[in-house]
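In structure tokens, one chain follows: the form predicted on its own.
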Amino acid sequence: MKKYAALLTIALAFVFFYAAGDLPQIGDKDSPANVHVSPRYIEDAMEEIGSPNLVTGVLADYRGYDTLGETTVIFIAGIATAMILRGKKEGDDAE
């Protein structure tokens, strides 16, 4: 079983590194995010959301569901970590 897990990990790492070759370079001013998305947020945010803080406006209004999902994942991870670290107390029945 460990061999299959190791092979799967190696295969996924290969796929991820191969796919990373198609990503735009860091800081590329001609990447799609800098050409299409950012200018629209910067130009239209004040009229559409009315927030003077651009970062808050983007996170709360444009990407609200995404931010809610990220917050939910972090909350669940924190609860799971607390449950794992809490462990079993002495005297608990093992079922």
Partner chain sequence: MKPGFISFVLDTAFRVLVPFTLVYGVYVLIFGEYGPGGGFQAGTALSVGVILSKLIQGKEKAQFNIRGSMALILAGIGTFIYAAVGFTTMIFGGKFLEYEFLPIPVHELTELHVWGILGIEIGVTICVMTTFIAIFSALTGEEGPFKDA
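Note that the coordinates shown come from a computational prediction; the quantities given were computed from them, not determined experimentally. Residue numbers count along the first chain shown, from 1.
Heads up, the form predicted together with its partner chain isn't pictured, but that's what we're talking about next.
Put simply, Ala60 is close to its partner chain in the predicted bound form: some heavy atom of it is within 4.5 Å. In the predicted bound form, Ile49 approaches its partner chain with a heavy atom inside 4.5 Å. In the predicted bound form, at least one heavy atom of Thr81 sits within 4.5 Å of its partner chain.
Among heavy atoms of Phe16, none comes within 4.5 Å of its partner chain in the predicted bound form. Along 57-71, residues Ala60, Asp61, Gly64, Tyr65, Thr67, Leu68, Thr71 each place a heavy atom within 4.5 Å of its partner chain in the predicted bound form.
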